[in-house]
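Structure 1 and structure 2, given next as structure tokens, are two forms of the same protein chain, each shown alone.
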Structure 1
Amino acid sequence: MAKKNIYVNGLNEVPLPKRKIEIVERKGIGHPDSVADALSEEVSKALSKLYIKEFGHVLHHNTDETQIAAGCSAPKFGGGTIIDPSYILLVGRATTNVHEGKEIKSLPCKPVALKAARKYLQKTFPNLDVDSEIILDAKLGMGSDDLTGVYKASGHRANDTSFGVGYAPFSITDTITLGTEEFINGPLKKKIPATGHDVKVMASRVGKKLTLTVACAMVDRYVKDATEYKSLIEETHDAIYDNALKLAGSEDIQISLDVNTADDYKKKVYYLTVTGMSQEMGDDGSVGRGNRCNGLITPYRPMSMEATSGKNPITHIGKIYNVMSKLIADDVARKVTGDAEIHVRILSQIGKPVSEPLNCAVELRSLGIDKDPKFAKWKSEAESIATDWLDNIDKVTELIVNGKVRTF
């Protein structure tokens, strides 16, 4: 069996949930950076399924450079208009031609990409007229031979010398931050249709006091005037607050909430939009500028700077190792010990098998854990979990292609 270079350590350290300060952010699905992430990932999944259907396995592609150039709008109570559509460019590399003997088979990569992106936008953003309020374009070039070559070797080989990171379990701050955005862009839509999909949640925990700051675009057609706007913001505030309390459960934490703090009613400043998305009015978007693959932005936790969305799920370390690090951390936290903070970092070498990292470091962080008599057992179990995931790279690919794991 190939060596996995797994190193499990115990760190005598206070886990983050027990420390004084914590900051967690979530950019909602309608934020332009999240839209760029989502479209990149939808295109990657669609191409992967095309390749599997035609050849039985995923071919080289990377579609992680989607860009959104903001448009211009004129929102107003009762319903405004889009003046200039936002422009979305699907950018990346794909295997567009395949040699089959003496024949060359051309694949419909661009149509597949455009169809996947359009389908996602139509399904996810009901207040957006995809036909008239955006311009959707695709530029997918053929991948270079040096990178496509990593697919041809025996076993899939890393496309880069890079790393992935993950942690577990979620703190209550993590849980409330993610759950708040999912609530606003989920159940709350039925109760308050005026809430748009461009949502940002910032959580600041100081001791046992958690302050949530929420920005939520409001859709102008559902708001008749300023009085109703104020009423809807109050209703939105109360609904979000009640949901946060439910998410907190029996946790000993005090929650305060502010919604749309940039509003200035005296100056008639309101977060009003035509589509519920700020890309309509000056907010651009790019892949990788938002949430990490656990759905959060966590400056107090390990994070990779690489985008996860849009990268191919076979050889691209920026995707495979980020997703796998989280899966390993989740399993260790769930199966080994839930009292420690688990950090996982996996490093590759370009051209080497993805299943054989240069090192895979698993850290169990808790006060006195390195002296705990159970640590030897925990260390062995954590190493076994990491080995199992590395031995089953194809399982990670399958989860990604079938949309079973989060990438943003």
Structure 2
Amino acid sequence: MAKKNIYVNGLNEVPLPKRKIEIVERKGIGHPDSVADALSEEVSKALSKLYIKEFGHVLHHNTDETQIAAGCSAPKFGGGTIIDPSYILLVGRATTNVHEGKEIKSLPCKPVALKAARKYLQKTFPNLDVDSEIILDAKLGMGSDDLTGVYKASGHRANDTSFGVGYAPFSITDTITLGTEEFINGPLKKKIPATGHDVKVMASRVGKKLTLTVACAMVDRYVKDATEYKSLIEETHDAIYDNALKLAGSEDIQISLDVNTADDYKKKVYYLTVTGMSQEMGDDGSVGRGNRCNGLITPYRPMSMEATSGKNPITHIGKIYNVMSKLIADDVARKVTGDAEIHVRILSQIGKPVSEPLNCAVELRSLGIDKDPKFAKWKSEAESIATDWLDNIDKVTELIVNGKVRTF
């Protein structure tokens, strides 16, 4: 069996939950950067499925460069108007012409991409009229390929030095941040349909004090006037607060919450939108500038710069290693010990198989005592988990194609 270069060591840092300051951010699914991420990943998944259907395996593509240029709107209480639709440009490349012997088979990559993008928008954003309030364009390079290549991640050799990083478990700050957005864009929508999908949650913990700052675009058609706006914001505040308490559970933490702090009722400044998405008016969006592949932006944790969404899941080491780092860390946290901080870093080795990285470093540190005597046991279990994932790297591809793992 090939050498995996797995190293499990003690973590050379104070675990974050024990440090004084922690900052965590989540850009909700309606934030323009998240929309760009989502469309890139939806297109990649749709292309992967097209390739699997036609040839049994995924062919080369990267669709990780979606760009959103904001539109122009005139929201008003009771229902306003989109003046200029926002413009969404799908950018990337996809194998379009496949040589099978002397024949060339052409694939409908661009139509498939456009359809997947449109479908996601329609399904996800009920307050957006995709047919008239969006211009959807595509510049996808059309590559050629012949069917003699390697079509599994496990068969590829790294041709770049690339890097994946993940950690587990979530701190309480992480949990509340992600859970708050999921609550607003989930259960709360039925109760308060005026809450739009462009939600930004910023959590800043100083010691035991957690300050949650939520910005939530409100949808004008559901708000008849300023008075109703004010009372809806209060209602939203209370619902989010109650949910945050529930997420905190028995954790010893004080929560304070602000919703739409940039509002200024005296100056008639409200966070009011026509579609619940700030891309309608002035906010552009790009892939890879928002959440990392665990759904969060965590400046006090190791993070990868890599844009995970839209990359292909068979040759793109950056994507595969990022996703796998998180899967390994999660498994260690779940199966080995939930009472430690776990960091995983996987580094590729040029010219070697993807399953044989230069270095797969798992770092562990007990949250409780400094030098935990169980470390030796943890070490061997963690090694075995990491080995298992590296031996089954194609499973990562599968999870990605089937949308079973998050990319933003």
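Predicted, not measured: the structure shown is a model, and the values here were computed from it. The term rigid core refers to the maximal set of C-alpha atoms that superpose within 1.5 Å between the two forms. Start at 1 and count along the sequence of structure 1; that gives the residue numbers used here.
Only structure 2 comes from the form predicted in complex with a further copy of the same chain. When the rigid core is held fixed, the Cα atom of residue 13 travels 2 angstroms or more between structures 1 and 2.
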